[in-house]
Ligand code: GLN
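Before any questions on binding or motion, here is one chain by itself as structure tokens, the form predicted alone.
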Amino acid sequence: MNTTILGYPRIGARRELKFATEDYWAGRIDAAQLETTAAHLRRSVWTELRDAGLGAIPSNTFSLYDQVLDTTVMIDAVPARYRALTGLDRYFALARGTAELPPLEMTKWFDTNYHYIVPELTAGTRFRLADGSAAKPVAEYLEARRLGIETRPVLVGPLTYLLLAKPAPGSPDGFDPLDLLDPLVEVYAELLERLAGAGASWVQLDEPVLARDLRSRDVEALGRAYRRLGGLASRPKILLATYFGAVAPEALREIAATDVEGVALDLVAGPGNLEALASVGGLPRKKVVAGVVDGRNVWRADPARVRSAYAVVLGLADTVELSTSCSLLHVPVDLGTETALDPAVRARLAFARQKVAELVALAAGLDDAEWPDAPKAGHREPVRFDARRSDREARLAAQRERLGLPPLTTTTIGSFPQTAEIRAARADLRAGRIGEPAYVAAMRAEIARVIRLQEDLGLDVLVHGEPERNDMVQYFAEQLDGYAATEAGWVQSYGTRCVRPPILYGDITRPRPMTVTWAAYAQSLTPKPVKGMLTGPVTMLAWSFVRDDQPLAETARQVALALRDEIADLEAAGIAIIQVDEPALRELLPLRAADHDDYLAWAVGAFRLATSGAADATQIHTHMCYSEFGEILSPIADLDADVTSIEAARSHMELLPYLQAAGYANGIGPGVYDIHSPRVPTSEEMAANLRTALQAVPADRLWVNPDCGLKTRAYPETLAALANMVAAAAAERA
């Protein structure tokens, strides 16, 4: 039985790519040195997979930033404003912006915490294979071949690329990026011919968009695209890969009618793929790559489940190959580095390296070990609360009397830059070089400095800056029973931003307050209100590896009850504003509309369970960022937060009119500048964003804030941007 994977982490076991790229941005190394690191990482992955005994090895899964951005550059779909730049300057400008140019929009890759750079297309976009015979997929295929390793180049499929793209601002009404399918497919045809000429026998075209709801037009486009590519006289065999859910039978029928030789199906997130496969009569004369090992979670595969799925698929296809359900981009690299995990938890885990070994062993029929039970953390019986607050007007009156805030209230989202000194103090504490008292003193000094900076800037509502927090999820996970943290379980979120998702393995309880001491200290330093900062229950699940032995709704309730207790303790300490961040609310939304209502019922319910015990005079905030929120406008209102801050600068404030139309009547803080770029926007740019926002939101409900937290930024750009933001608010307020 052959084995393969659909992709592999590219950051390196020790985040080598992150550090090299950031060194390049800072001018400490040049482009050639960056490419040396990149080439080493590619070679190490290919050789590791070969030596592990994997049957078919993918290539072109490496990227300096994002695979969708790589596609945009490869097909020359670069907006005109960037064309004065070349090479890596252009590439990174598209992702991060420059002093003069804002970056392209960035949003979540389906229902994952990975972010991609959104293509921006016009009716006049002209595609071409920008690098000709040296195109990246060809170059990396030949690079592996020189090592004696045969690989399968991986491409973002043309349908997925266009359905994820957006019309450029100012595009005529009615323009749909899918209108560009035929010319784009011709570029893909040229690329496949070049890959065939280079010697590639297979190519993988990723079409995860097939797990979403599709229009009839989309299904027709799928068939048209792959009939054209399948009919090429000179091309590699095509593996059309889908993942993140089940493919609709009508799409599977279109694929069956083409000449593509293989189809990859996710049998973990999309168990319905077995039914869909049966409903179309199977895929005779095609290879089915069965995604039986979870590419998005860290639990070991259950051999019995794998054997059962394999047996079903074997009756519906001529050839079956075992694979991961999706790319392993979404899991850490190597469990072998984790020496401090509870052995009972560790026994159930597999990271990318271990998942490859699992596949090889499963295919050989060697993994017959007993399936270990999930460790438990002490069960907390469900407690029923009335998850309703007083009506909005009563809360608003009480909060106005207590807070006395001006219109166009200025604030930040929560975190301030994490300096080298802050990180060093945290590392010193872990290593035992300093004790808890010295660490606390260092954090208190940083909090005092951040409070003074905000007062000097003239911000209205302050934050303590979160110097003590390593990550907005991990920080809380380390203080809750039922969670485990890793030492080096890094996963790429976007570009060089890597996170260490904690592992939620058992029932959740809060043994003690988690944030109260820091928040109370910050509030003691200023007469201005300081926000208490918490991470919401949905985001705590979305950005963790979560147990799969009970419904997510029940796990979310457990986290919500812990947060409810924390909010009560913050109120008792005198904190008047508490922000419960839910940036992942949209991210976890199921890809199929038929599943939305159930998810939103428990997701909104968990947030309200966490926050509904707050007094009327306590102002509850939430924050969301970098997702397409159009499908959850009413649920955002249903959260009933007094103020919602939301990413808006990079998407040109496009959400606000729709949010108003959906009946949202509470406070709203659309981000007036993008923090994921080092660029410092002018005060006038931010004022223009505010004027746009004021067309949809009255001034007494409009808050002024950045798009997101400032943790990843440096202090000079942060202070300059915040000064411009305060000036913009003052000008519009006047």
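The model shown is predicted, which means the values in this text are computed figures rather than measured ones. Rigid core: the largest C-alpha set superposing within 1.5 Å between the two forms. Residue numbers run from 1 along the displayed sequence.
Quick note: we don't show the form predicted in complex with this ligand, though the next part is all about it.
Not one of 3, 290 and 327 places a heavy atom within 4.5 Å of this ligand in the predicted complex. Contact with this ligand, judged by heavy atoms within 4.5 Å in the predicted complex, is confined among 165 to 173, 187 to 195, 660 to 668, 579 to 587 to 579 to 587. Comment: this ligand is not present in this chain, but in the predicted complex one of 603, 210, 625, 503 has a heavy atom within 4.5 Å of it, namely 625. Only one of 523, 492, 415, 558 comes within 4.5 Å of this ligand in the predicted complex through a heavy atom, and that residue is 415.
A residue is said to contact a partner when one of its heavy atoms sits within 4.5 Å of a partner heavy atom; residue 570 fails this definition for this ligand in the predicted complex, lying far away. Taking the partner from the other structure, this ligand in the predicted complex has no heavy atom within 4.5 Å of any heavy atom of residue 672. Taking the partner from the other structure, this ligand in the predicted complex has a heavy atom within 4.5 Å of a heavy atom of residue 708. Taking the partner from the other structure, this ligand in the predicted complex has no heavy atom within 4.5 Å of any heavy atom of residue 350. Within 4.5 angstroms of this ligand in the predicted complex, the stretch 449 to 479 places a non-hydrogen atom from each of 466, 472, taken in sequence order.
With the core held fixed between this form and the one not shown, residue 710 has its Cα displaced by at least 2 Å.
In the core-superposed comparison between this form and the one not shown, the C-alpha atom of residue 533 has shifted by at least 2 angstroms. Relative to the superposed core, residue 97 undergoes a C-alpha shift smaller than 2 Å between this form and the one not shown.
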